[in-house]
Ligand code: ASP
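One chain comes next, on its own, written out as structure tokens in the form predicted alone.
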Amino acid sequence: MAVKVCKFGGTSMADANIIRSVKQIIESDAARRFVVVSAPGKRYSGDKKVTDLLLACHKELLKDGSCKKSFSAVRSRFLDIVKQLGLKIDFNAVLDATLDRIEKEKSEEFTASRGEYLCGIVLAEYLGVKFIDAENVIFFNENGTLNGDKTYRAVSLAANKAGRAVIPGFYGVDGDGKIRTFSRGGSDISGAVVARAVNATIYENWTDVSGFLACDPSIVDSPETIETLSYKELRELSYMGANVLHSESIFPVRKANIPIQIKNAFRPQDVGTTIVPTSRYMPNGRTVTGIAGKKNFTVIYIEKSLMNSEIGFVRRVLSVVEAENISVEHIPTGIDTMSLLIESSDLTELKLGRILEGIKCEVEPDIIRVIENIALIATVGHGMSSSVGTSARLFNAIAAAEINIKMIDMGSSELNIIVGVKNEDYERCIKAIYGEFFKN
């Protein structure tokens, strides 16, 4: 029998009317047996997400020793949902117990997780199915990573026993019994974990958009929707800023070859986007699948004659950056040149100064300079490797837009080409690339 795991995002849990629609979606397909939920999101422009309300609670708790004042907004939000759904549960008692534990734990991660916890209780009550607390089935290692083996066993056992259930996303528990959370948006990961644990036929991720778009709609008007893409393409696009789905959510389902489908909870009739194992990906005739990018990178450019003949040169340079606990995004190299691309937000003036001095001491470069305000743009697609002249088309389109390329990085898989341009050229560059591959 087919089993579907559905994850509903914060916007699709925002109020009672939307939750009614969610119930219709779930009950329209008997295979949708397990549901993972995020905390309620914004109901309207200017509204606050429940997670943000809870983070305000934590700040008040640290400052005043109590967070009853800030928690009143959370209480009001959930009581309104419960009343409008006509639930008979004594939710004030649930909220009282939650507040008591928040003030006892004094943990930011615990406090932030309560939106998913409370939302899970509400939806389980409304659907008339079992509530499985993630605290009892999702386990973290000491370093904050998922304890996969223990988690998959626990979720599978609890799910099989329940038959149908709602599980809150975003959080779990570590070996000391303390609540731990994934990074923001981590309910996507929880859904993927549950999907793998129950050997789901498909993992449906319901959000407020009708799938992945070929590029940012705030830059290009009405870009095409990507109907199918591979795990690898998803990873590349998510990493470079396409934020429909958490970039780490593919790992649990990828190992089990479970497809992901992005669906719109407000337009369930839309096809959406299906993300498939790379081995099952069927070419669609497109050279490029999507375009994504991010601004605000800093380039540290290093030049030294005969650099390539110095054993350990790259390692010594990277050890300097590692000492500052900073991640390097890309390392384009030439025979006598090497560039380090680092997110500018990771570099304070003090850290940058120490890195430059450290590199000078370690490798004695002929030239070292810093280039700031660089944007990276990735053009991604399996079709690029089999299409002659893709690079030429890309660079010609950028040149025609009178944009100077500061950096080029192309992976050996030929799945993507990344270019670096000035921040000020970012939007024009994306428009130029989209126009070349999607409008010609």
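For clarity, every value in this text was computed on a predicted model and none was experimentally measured. One-based numbering along the sequence shown.
Not pictured, yet referred to below: the form predicted in complex with this ligand.
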- Message: Please identify, from 367-375, 37-45, 400-408, 386-394, the stretch that has a heavy atom within 4.5 Å of this ligand in the predicted complex.
- Response: 37-45
- Taking heavy atoms and a 4.5 Å cut-off, does G185 contact this ligand in the predicted complex? yes
- Message: Quick check on F212: any heavy atom within 4.5 Å of this ligand in the predicted complex?
- Response: no
- Give a yes/no on whether S70 approaches this ligand to within 4.5 Å in the predicted complex, heavy atoms considered. no
- Message: Test of understanding: in the predicted complex, would E236 fall inside 4.5 Å of this ligand by heavy atoms?
- Response: no
- Query: this ligand isn't shown here, but in the predicted complex which of H58, K49, R33, H382 has a heavy atom within 4.5 Å of it?
  - Reply: K49
- Note on the structure: Answer key: of W206, F170, Y203, F297, within 4.5 Å of this ligand in the predicted complex (heavy atoms) is F170
- Task: Could you list which residues of 102-131 come within 4.5 Å of this ligand in the predicted complex, counting heavy atoms only?
- Result: E116
